[in-house]
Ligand SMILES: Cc1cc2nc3c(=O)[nH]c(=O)nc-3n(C[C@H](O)[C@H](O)[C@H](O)COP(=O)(O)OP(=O)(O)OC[C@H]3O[C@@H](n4cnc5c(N)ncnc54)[C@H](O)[C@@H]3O)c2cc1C
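Okay, so here's just one chain, in structure tokens, the form predicted alone.
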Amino acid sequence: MNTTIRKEVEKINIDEVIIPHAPLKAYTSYRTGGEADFLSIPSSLEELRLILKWATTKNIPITVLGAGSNVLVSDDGVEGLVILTHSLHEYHIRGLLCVAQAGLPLDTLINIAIEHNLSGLEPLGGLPGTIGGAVWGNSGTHELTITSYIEWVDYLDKNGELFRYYPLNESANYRTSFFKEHSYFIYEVALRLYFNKNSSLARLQKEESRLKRLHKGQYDLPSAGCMFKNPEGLSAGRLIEESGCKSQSINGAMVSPHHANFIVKTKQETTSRDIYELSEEMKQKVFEKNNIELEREVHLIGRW
């Protein structure tokens, strides 16, 4: 299959695109965690295919990181190969379709769409992460999820084979997706938006969405977003607050005073283990008070 965005590389030296023993702190929103056994930052489809085949041939696990939000990387590091997507950031507009590679930041994509008089994604303004990560985790708000606008997704399997997925109006489950369930690598996403000649109003709506998150303290300190999924019909943040966890802390990992479902990092020396231990205490207290088992939304990566 031909993909819609392609940058051909005639010859790639695998030793130039694989970095051994690479620290991951700088690539996560928490700025915590250990090393990747191997790290690669592909900038083209051909590089991506090559490193996927390399990892498969060596029978080592593959972990994908976008902007490093919504994840907690183990202090003991990550086994196998970690692929960073931020150099896969090309895009183009085709009528009502906004087509972007997985590493393009979601907030940047929303701005690009508005510049081209395309709307629909404004309620997601201010959400951290990449378009690939948003699709993988079915990011959204109470108003909508990213799945609502997907026309197709080009993805690769572990052998580097390219496929195209059409949702066919399927509605993905809360905070999960076809890709999360099958461990495929998202390469490119096409979103079908709608024409809106009032770009000024669209920018205002997007900015209002961003400011709502700002006023809730979501950007004050390093965090990974909501730590737990909302149980059906309930608010995880409210359950955590009612269980007495708000502002509780372990070595600088603290339940946010603004939003109890956020764990923020308040000290430079705070580790991933500190954050994890605090999250476990939150789960336990909610279970003791309400007999509800919270399900983690932040993805644990590495040797836990």
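As the structure is a prediction and not an experimental result, all values here were calculated from the model. Residue indices: 1-based, along the sequence shown.
Although it is not shown, the form predicted together with this ligand is what the next lines describe.
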Exercise. Among 130-138, 230-238, 112-120, 204-212, which stretch sits within 4.5 Å of this ligand in the predicted bound form, heavy atoms only?
Worked result: 130-138
Exercise. Is there a non-hydrogen atom of I275 within 4.5 angstroms of a non-hydrogen atom of this ligand in the predicted bound form?
Worked result: no
Problem set entry | Heavy atom of V255 within 4.5 Å of this ligand in the predicted bound form | no
Exercise. So in the predicted bound form, does any heavy atom of F178 sit within 4.5 Å of this ligand?
Worked result: no
Exercise. Can you check whether F185 is within 4.5 Å of this ligand in the predicted bound form, heavy atom basis?
Worked result: yes
Exercise. Of A55, I250, L45, V64, which residue is found within 4.5 angstroms of this ligand in the predicted bound form when only non-hydrogen atoms are counted?
Worked result: V64
Exercise. Relative to this ligand in the predicted bound form, which residues of 79-93 have a heavy atom no more than 4.5 Å away?
Worked result: T85
